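Taking the form predicted on its own, here's one chain by itself in structure tokens.
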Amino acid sequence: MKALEGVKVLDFTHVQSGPTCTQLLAWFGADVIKVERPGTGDITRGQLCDVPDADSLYFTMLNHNKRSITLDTKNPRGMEVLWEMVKVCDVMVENFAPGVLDRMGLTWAKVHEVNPRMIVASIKGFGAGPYEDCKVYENVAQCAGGAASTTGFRDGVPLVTGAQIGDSGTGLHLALGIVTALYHRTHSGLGQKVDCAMQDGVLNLCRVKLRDQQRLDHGPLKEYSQFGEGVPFGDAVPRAGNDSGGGQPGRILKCKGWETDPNAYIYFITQAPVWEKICDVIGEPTWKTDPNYAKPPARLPRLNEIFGRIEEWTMTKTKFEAMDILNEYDIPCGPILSMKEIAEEKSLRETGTVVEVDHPKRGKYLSVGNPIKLSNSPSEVKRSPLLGEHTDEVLRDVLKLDEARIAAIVESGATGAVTRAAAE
């Protein structure tokens, strides 16, 4: 049995943050019914297209395992159908701009009255405060949540990360909130609201930087490279390049082939417990007892020199050769893997972390699989739905409508343009 089998999700999400959440629920077995605008659907179906007449990878990689129903909510019959779905579903998820759901008449009070067990989950850019009515996108969330100000090198501009911590990160947070609310409902019998702000989600992922902000009030951050270089700290956490955030000095170092391969690098941490092994590996045995290198405090002002020497060694090895050698001695390290290398990594296919999916319009493509593995509830990744593919199926099997009622709904235009055959 799938972990969330039997849970029905009314999916009003679009673009990335909301679909990330509902896709995760679908991977765990929930019946996710994606409500889309007739004719166009989720805007990402047509964004960044690479195959003619096929939904984009942007859409397909965020909407696996879902069913799609087209519904015009401005059509009276469309709204009737929508309220029927509210009655039978367990969860409603939306990431509209602030106020949209209320303007549609889907207020929390009304939804809770119609279905007291319904959980209404929402993603917004900001929580209550001066910016709560602002629309937010990925990079805005990274900037407002503290990620950008602490990413990059201290003498450069703030940077956003390639990881979608604003959109997908908040979607993951919301999924946890929904599952928690479902569990609470088993005791209370009642649904509740679940809200996640993108700013809050990013900040949660940047908690070590909030930690450092408070430490900074009590003196310089000694594990940061600028301390060893004698550069004064300001009043806010600085950008620290590729320093490790865990208190152990770390850097990204060149490996063999770096001149032509932009990813021929390895991340290397000079963890104190394995310092002597590091000295042996790089050919500096005297550093184990030299007072200028033997202890972490003595090494701090010499980190540039130390990592320079380590890099002389890593440049004689490919990143994979270096990793094999360093792992023998439990020295923390990791290769900089390109997306091409990740896509071709056999072990990720075997664990279901990367999956190959077959789509009727675009053919085979790669996608991420469920990153969370349950021993008794395996996940299966199914293709994303075509626009409106399951409209009749949902009306018949979920809402239990008879053929006459379905025909009347279709003829009204509530599910999309009325064909001549349907009109006749």
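Only a predicted model underlies this, so the values are computations on that prediction, with no experimental measurement involved. When you see a residue number, it is the position in the sequence shown, counting from 1.
This protein has a second form, the form predicted together with a small molecule, left out of what is shown; the following refers to that one.
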| said: For the three residues Ala264, Glu311 and Leu337, which mark the spot I'm curious about, does each lie within 4.5 Å of the small molecule in the model of the complex through at least one heavy atom? | reply: no
| Interface residue in the model of the complex among Trp108, Tyr137, Tyr131, Phe227, criterion: non-hydrogen atom within 4.5 angstroms of the small molecule | Tyr137
| field | Interface residue in the model of the complex among Lys222, Lys346, Arg103, Arg207, criterion: non-hydrogen atom within 4.5 angstroms of the small molecule | value | Arg103
| task | Check whether Lys124 has any heavy atom within 4.5 Å of a heavy atom of the small molecule in the model of the complex, and answer yes or no. | result | yes
| said: With a cut-off of 4.5 Å between heavy atoms, is Ile178 one of the residues that contacts the small molecule in the model of the complex? | reply: no
| request: May I ask you to state whether Ala408 is within 4.5 Å of the small molecule in the model of the complex, using heavy atom distances? | output: no
| Do Gln199 and the small molecule come within 4.5 Å of each other in the model of the complex, heavy atoms counted? | no
| query | Can you pick the stretch from 94-102, 320-328, 297-305, 230-238 whose heavy atoms fall within 4.5 Å of the small molecule in the model of the complex? | reply | 94-102
